[in-house]
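Single chain ahead, written as structure tokens, the form predicted alone.
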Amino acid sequence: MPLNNPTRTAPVTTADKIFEQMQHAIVEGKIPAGSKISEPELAKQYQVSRSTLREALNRLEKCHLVERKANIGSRVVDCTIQGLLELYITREALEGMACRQAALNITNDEIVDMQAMLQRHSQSPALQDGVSYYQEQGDLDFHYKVILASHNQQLINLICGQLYHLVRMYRCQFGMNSPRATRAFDEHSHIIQAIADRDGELAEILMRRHIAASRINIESKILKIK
């Protein structure tokens, strides 16, 4: 029986489509972090009813991209140092475990697929120039593929269902353009090799170090902006 994939549900209803559009806009910074959400304005912008918009906002809140506060209303979450630390410490533990599980449970076909994905990444002109390492979400995202390869539904639900898009928000807005681009790609390659070698202990250690280095990189960028 295939594992459920909580981030890849095809949009069916209007609320699904609005949720997906707003999700992309928030993650990529088109709807700014920390900005107040005006339901009348957004309903007009997306040409939907207020009830449909609220349904989409409820789902964005569950993804931790939107927060609601008494007497204030809804806001896009802000990218703060404290939020970064909490998210990346949690991510380091969970993705480290997912990496260990992937080394145990990944199929040979998945290994080939992940190696092919990294090969495609290596052809990016921006990465070859050492400027940025941008990955599309879902099946083109290294971290996403590792998590699914764990074949552990609880980890998939926790990371992909609850944290994935918030992580992408930090990564897209602060981590993609980086002097670490080439090094991050090399770290991905070493992690994949450890998984392919079925070395769960090494795979977990490498993933933890990789995420810790990413956190330090993004933290320094936020401090410069603040």
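Residue numbers run from 1 along the displayed sequence. Note that the coordinates shown come from a computational prediction; the quantities given were computed from them, not determined experimentally.
The following text describes the form predicted together with another copy of the chain, which does not appear among the structures shown.
S.K.: Which residue among V48, L163, I37, I31 has a heavy atom within 4.5 angstroms of another copy of the chain in the predicted bound form?
M.R.: In short, L163.
S.K.: Considering another copy of the chain in the predicted bound form, which of A43, A196, L158, C172 comes within 4.5 Å of it through any heavy atom?
M.R.: Answer to the contact question: L158.
S.K.: Name the stretch, out of 73 to 81, 140 to 148, 114 to 122, 96 to 104, where some heavy atom lies within 4.5 Å of another copy of the chain in the predicted bound form.
M.R.: So the stretch in question is 96 to 104.
S.K.: So, E187 and another copy of the chain: in the predicted bound form, are they within 4.5 Å at any heavy atom pair?
M.R.: Although another copy of the chain is absent here, E187 would stay clear of it in the predicted bound form, with no heavy atoms inside 4.5 Å.
S.K.: Verify the contact flag for K17: yes if a non-hydrogen atom of it lies within 4.5 Å of a non-hydrogen atom of another copy of the chain in the predicted bound form, no if not.
M.R.: Taking the distances in the predicted bound form, the answer for K17 is no, it never comes within 4.5 Å of another copy of the chain.
S.K.: With a cut-off of 4.5 Å between heavy atoms, is E92 one of the residues that contacts another copy of the chain in the predicted bound form?
M.R.: Flag for E92 set to yes.
S.K.: Does any part of R183 reach within 4.5 Å of another copy of the chain in the predicted bound form? Heavy atoms only, please.
M.R.: R183: no contact with another copy of the chain in the predicted bound form.
S.K.: Just to make sure I understand: among 22 to 60, which residues lie within 4.5 Å of another copy of the chain in the predicted bound form, judging by heavy atoms?
M.R.: Counting only heavy atoms within 4.5 Å of another copy of the chain in the predicted bound form, the contacting residues of 22 to 60 are R54, E55, N58, R59.
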